[in-house]
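This document starts with one chain, in the form predicted alone, laid out as structure tokens.
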């Protein structure tokens, strides 16, 4: 499919068209002085001047909490009724290329040894409209992990801002092509519009991913004091895991009374001291640096080996949100030596 062109003022028509067909339009918007992904009803609600939304759009395919079943005690036993998922078309506008790449990582987990339809059905109905970065900050490090603002992995529709206040549009996936065709009235033929210069984060020279992976695979390095030295200031708040687009840990909890209630799937975090607490009281990760070490190993060893996808996409959200400024790239540099 040839490239198309989308005027920013045409976003109003696109939002209306998606909404009228029963869909939901998600975009970066300013809320409490922070840019976050939320459902929008008009183009004026969309924030265009931002580096990255505070939250990841993963919560629209993997909600923070959801009911997976209901239960009730009956005369002849306990009745458990599973919840069916029937998601509507959801358009994610304004995602960045780094976080778009995270979808393959999430899908790898949720289709690993069991097909989690609560995730897959939502993702199948989600259209990711990525907007390439024209601005960034010191926390961005996508180029260090093999991505860039030009990466299209995970994008259904890839947009580049143009100098005349529009977007050059590329339909990347089959879903993206079908989407552009479905809403063809909104898109125009590409007329040679000049695109804005993309922001390319400088690759951190002191980081060598191959060395990091090799070191993590060697169990002789597992108990080195460097872990406690580098991460002793972590307070275990879990903020990094909640904003991370690839973190996927969850817990299943029954909530209600002894007679009826709901079985819920809730986000969890490997940074919590109760995450690996055994019924016996033993905890194999009994100190915070061990929990942080586990998350780092998951990103750069366990996850890539198991799923052949990225555990870290270099979006920098964990760096921005950390209350004690524990910078994952500093640990990456140290382990590269």
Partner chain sequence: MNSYGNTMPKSGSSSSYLPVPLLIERVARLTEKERLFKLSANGRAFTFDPGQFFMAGLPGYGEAPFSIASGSGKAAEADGSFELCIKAVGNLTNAIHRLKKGDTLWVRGPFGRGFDVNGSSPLRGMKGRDILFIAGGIGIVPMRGLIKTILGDRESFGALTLVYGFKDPEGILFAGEMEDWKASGMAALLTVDKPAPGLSPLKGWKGHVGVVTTVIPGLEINPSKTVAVIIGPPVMYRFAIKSLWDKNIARDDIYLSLERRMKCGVGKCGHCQIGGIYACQEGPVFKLSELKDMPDAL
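Note that the structure is a prediction, hence the values are computed from the model and not measured. For clarity, a rigid core is taken as the largest C-alpha set superposing within 1.5 Å between two forms. Positions refer to the first chain, counted from 1.
The following text describes the form predicted in complex with its partner chain, which does not appear among the structures shown.
Proximity of residue 68 to its partner chain in the predicted complex, heavy atoms at 4.5 Å: So residue 68 counts as contacting its partner chain.
Contact flag, residue 310 vs its partner chain in the predicted complex, heavy atom cut 4.5 Å: No.
Close approach of residue 81 to its partner chain in the predicted complex, 4.5 Å, heavy atom: Residue-level check for residue 81: yes, a contact with its partner chain.
Contact label in the predicted complex: residue 54 to its partner chain, heavy atom within 4.5 Å: The answer is no: residue 54 has no heavy atom within 4.5 Å of its partner chain.
All of 77, 114 and 284 within 4.5 Å of its partner chain in the predicted complex, heavy atom check: Per the other structure, all of 77, 114 and 284 touch its partner chain.
Residue (of 39, 276, 47, 34) lying close to its partner chain in the predicted complex, criterion heavy atoms within 4.5 Å: Exactly one residue meets the criterion: 276.
In the predicted complex, the one of 242, 187, 110, 179 near its partner chain [non-hydrogen atom within 4.5 angstroms]: Selected residue: 110.
Option from 200-208, 130-138, 92-100, 68-76 whose residues, in the predicted complex, bring a heavy atom within 4.5 Å of its partner chain: In the other structure, the partner sits against 68-76.
Heavy atom within 4.5 Å of its partner chain in the predicted complex - qualifying residues of 204-232: Going through 204-232 in order - heavy atoms within 4.5 Å of its partner chain in the predicted complex - the hits are 219, 222.
Residue 256 C-alpha relocation of at least 2 Å between this form and the one not shown, rigid core basis: Shift at residue 256: 2 Å or more after core fit.
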